[in-house]
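The chain that follows stands alone, in the form predicted alone, written as structure tokens.
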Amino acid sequence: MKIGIIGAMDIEVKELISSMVDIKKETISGIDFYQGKLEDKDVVVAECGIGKVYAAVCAQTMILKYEPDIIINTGVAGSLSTELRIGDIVISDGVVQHDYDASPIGIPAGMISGVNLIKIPCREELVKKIFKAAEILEDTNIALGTIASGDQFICSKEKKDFIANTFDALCAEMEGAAIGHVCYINNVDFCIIRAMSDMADGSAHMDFDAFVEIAVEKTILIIKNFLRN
């Protein structure tokens, strides 16, 4: 089995890459792909860049070139829930694109043409394994639910409440649902792991800068534990 791992930023994947052995690096469409072994498993790791287009390009290239059985998207997100604080973890059971909106012509907000879904589901068996791997973390709230993606850094209460209420989403970020969309149409299993780095409100910039490194450390621990087990 080969596992693909995608992060948007260098900080989200650099420790994974530094822990790999037998690395072979290739650059395709401006994205560096690192193929090798991590925790004695075959992996390919990439930093896709921020936003849904970069994420989709990376995921499609990874699937066509490296044929992973699973793709995991790892990184940070803004909490949309009063139950989730900075450092807490969300494991996706599905993903939505909160900025995909054709509602003026009578299509429900978030409905993706072609697949006719608002929420793209993750395979339950994979989600359970990743959720179990996350239990290695102590004093951390681990939640299972919908992750929302859009080409926006959410930093207002109005937008935060809209996404949470419209899509029943636990957190918001900028890549996961694009990766999920690509995986779904290619019949590749996927799951998104997000650590809360901010509260997606007016304090977002301060929170993000202060807590992103702490949040990323937790996602790395989950991935390594998942691979070991």
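We number the residues from 1 along the sequence you see. Nothing here was measured: the structure is a model prediction, and the numbers come from that model.
Keep in mind that the form predicted together with a small molecule is not shown, yet the notes after this line are about it.
- If you check the small molecule in the predicted complex, you find no heavy atom from any of D93, A177 and C191 within 4.5 Å.
- For the residues L84, I130, I71, V76, the 4.5 Å heavy atom test against the small molecule in the predicted complex is passed only by V76.
- A heavy atom within 4.5 Å of the small molecule in the predicted complex is found for exactly one of A55, A200, V45, V182: A200.
- Per the 4.5 Å heavy atom criterion, the small molecule in the predicted complex is contacted by stretch 168-176, the sole one of 168-176, 25-33, 57-65, 182-190.
- For I154, a non-hydrogen atom is located within 4.5 Å of the small molecule in the predicted complex, even though that partner is not displayed.
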